[in-house]
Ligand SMILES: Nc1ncnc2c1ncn2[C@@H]1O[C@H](COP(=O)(O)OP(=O)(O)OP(=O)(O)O)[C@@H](O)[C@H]1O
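The chain below stands alone and is given in structure tokens; this is the form predicted alone.
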């Protein structure tokens, strides 16, 4: 390991697969991936832990593969992990302080943000993220108030909470797997960091990550996240519909979806036929490809009707000039972009990853957006510490103390 380098790990625990990475940050905070591993997920359904021992085995398997590639032993490794807890609750709150010197100093900013964070939450919820939204100096909005004159400073923050038990169950599973958990990152926020441009965040955009068991939704406006939620629907529901309606084994239904699925029946040739092997049939059966597409289209409509309803109920539905950005494995489904653009009447694009570090070619697809986003959160935390915009709140203070001590050791 290079002098002054700091190694850490990242996990993306999904319903279908778990991705593990071992990374190294060096002075100047350039980050590189040393190794990565992947394992089929067991013990998680729709983003929630349902079998602790099975999840521990899954995480251990994925992390061991990443460690072997990175040539890193079994020693302590600080870990950042995704979280798909639900329901997600969010509120925006302001806190105000007086300015004894009539000029804003950094300590005043910290005091105002602490005041903004002092808001009661339900006993069964845990604060996961505290996101800086903006400042008001003598009731006038300002981007950054330090050095400006005034009498009263207000800070506005966006507080995101998740069920405490979901957080504790996942934390316990990772600790039982021998990992040092530093922070969790909510799935939709991680995805937004990985695939959205600054212009999209500023103009207004919805990002949807359609995983196997959940659809993670985040709404951005004015550069920052304005709403986030996790819905218990995903790509497995498309497979389940095919399996139930066509009486197919799960593996056969998944193959049919991946190899021949389409999101729009009208785009499929009427004379295109497929061969399937249903239960109870001794021989293969032929089915129209358009009928398969009709089954998939119905479920996709259902998922995005629920997405739109969740955004509307939060009071966030409006103009989204940057439209909808899709990630996740289901975003590979042919015709999905065109079908949603027509139905939602807004621009739709399939996300591309734009890593600012050397990223494995094997993980270049949109289904790896969450993993990349968690890396960005970890990098920001290591650079700036807790409290910075877009940095997780549910993190270990002990580790940040060690990082600051490590940085002081680099000074002459």
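This one's a predicted model, so the numbers in the text were calculated from it and none came from an experiment. Numbering follows the first chain given and starts at 1.
FYI, the form predicted in complex with the ligand isn't displayed, but the following is about it.
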In the predicted complex, the one of 248, 311, 196, 333 near the ligand [non-hydrogen atom within 4.5 angstroms]: 333
Contact assignment for the ligand in the predicted complex, among 161, 214, 229, 81, heavy atom within 4.5 Å: 214
In the predicted complex, residue 258 touching the ligand (heavy atom, 4.5 Å): yes
Non-hydrogen atom contact residue 14 with the ligand in the predicted complex at 4.5 angstroms: yes
Contact test in the predicted complex: residue 329 vs the ligand, heavy atoms, 4.5 Å: yes
Residue 145 within 4.5 Å of the ligand in the predicted complex, heavy atoms: no
Which of 282-290, 263-271, 235-243, 112-120 sits within 4.5 Å of the ligand in the predicted complex, heavy atom basis: 235-243
Residues of stretch 354-375 in contact with the ligand in the predicted complex (4.5 Å, non-hydrogen atom): 367
